[in-house]
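The chain below stands alone and is given in structure tokens; this is the form predicted on its own.
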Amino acid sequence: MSLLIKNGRIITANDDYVADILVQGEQIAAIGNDLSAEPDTEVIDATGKYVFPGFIDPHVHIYLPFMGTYAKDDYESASKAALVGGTTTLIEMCCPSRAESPIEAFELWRSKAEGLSAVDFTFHMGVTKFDDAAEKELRELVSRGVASFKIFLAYQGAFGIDDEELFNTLKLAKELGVIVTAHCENATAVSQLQAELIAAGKTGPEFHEPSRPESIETSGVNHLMTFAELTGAHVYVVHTSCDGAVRAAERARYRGVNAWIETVIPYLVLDKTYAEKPDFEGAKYVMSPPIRDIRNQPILWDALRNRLISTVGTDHAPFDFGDQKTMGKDDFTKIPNGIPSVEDRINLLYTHGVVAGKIDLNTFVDAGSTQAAKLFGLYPRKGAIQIGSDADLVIFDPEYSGKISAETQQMNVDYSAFEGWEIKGRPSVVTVRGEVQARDGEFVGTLGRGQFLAREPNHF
């Protein structure tokens, strides 16, 4: 299998130049001008187009039992959606309950992807309980290629851990060289506010944000940073939504804490008024932490442009509006959380970031691909255009104009949070390890081609 991409403008996290790329087998074999190849090589003319490394979504939920139901995507629909949107690697949150064995949960989550996914995949292993048995299994999972943990400072009684468990999880992570991704809130404060609002008859989706205000998220980040400082662990704050949370992580970095920040695409383009839409339409926009006051958006974009925010993910968690979000019709605390966006992340980031002049192309690639690869033990196999790197490539047409619609999306969900939104530019060809998997918004590849990516701890 050979592929020659001619005359593309190659954009990486640091470079910008025009050249050809020769792919042989699954890897990049040569980069240069006027490259030639064997007669049976597929040739793609990328004149006038960008060539990016395949994008990596560091935060998705595909198999997800949550609030008595299940997320709607499987790896067939989710990987197709990812591909047409330019994403070639998914890092899924494996989230067992406190009663589940970590190894059994990992094997269950992995079984949902193997043989079905069209993109490469790996997992952050959820630590929802820490005792001697869990520690033994976590050590085993790291030896099997899981190089990152996930913890929740929220969802008491379900996924959440207490402070003793937090301390011991971070100590183990430090010992093993594993980075810990963290959902930062405060479960007790959230539950108290939720109870007060419901008792006052404030039951609609517009009260989701007041039940989880910015101060609670900021407090959660501060709490994590204190424990990271005490243990020396490397931590990564997921789905950071507001100024206070960014500043809390930045202050910790200033005093030497090893911390990185992720935001997700909904926070960059949506604000809390969407969750205030009448007739329960706001339920489509309920996620946690909530989408915030619009004053946070320029702050997040500035932090992204300055590379204080390292990555842009999605927290993709698709639940149908018609028969799942409505579980919370009379009680916002029962609305399944999540905004489906794995298909739209890169197009929205390009349209509202690059085209709007908020970030440059190199930062776009860094935040959408390279930093995730570096932080989670995939670089330079992923997130790079180098000889020897996997040939995960996105040929991107900056001249394309179109609209987002649920009618045309690959995601298996009955609405789009961005219905009718215009996009400028989109992937025209997407490859996974040298095989063309998507063209012009259509999946044309092979289901099951995706592989589990075993990773070594970074040890930083």
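As the structure is a prediction and not an experimental result, all values here were calculated from the model. Residue positions are given as counts along the sequence shown, with the first one as 1.
In what follows, reference is made to the form predicted in complex with a small molecule, a form of this protein that is not presented.
Comment: 58-66 is the region of 421-429, 407-415, 390-398, 58-66 lying near the small molecule in the predicted bound form, near meaning a non-hydrogen atom within 4.5 Å.
Interface membership of Met287, defined by any non-hydrogen atom within 4.5 Å of the small molecule in the predicted bound form, is confirmed. The small molecule in the predicted bound form comes within 4.5 Å of no heavy atom belonging to Ile265. Although the partner is absent here, Thr128 sits far enough away that none of its heavy atoms falls within 4.5 Å of the small molecule in the predicted bound form. Within this chain, Trp109 is remote from the site of the small molecule in the predicted bound form, having no heavy atom within 4.5 Å. When you look in the predicted bound form, the only residue of Lys272, Lys374, His223, His239 with a non-hydrogen atom within 4.5 Å of the small molecule is His239. Asp315 is the sole member of Glu209, Asp73, Asp315, Asp344 with a non-hydrogen atom lying within 4.5 angstroms of the small molecule in the predicted bound form.
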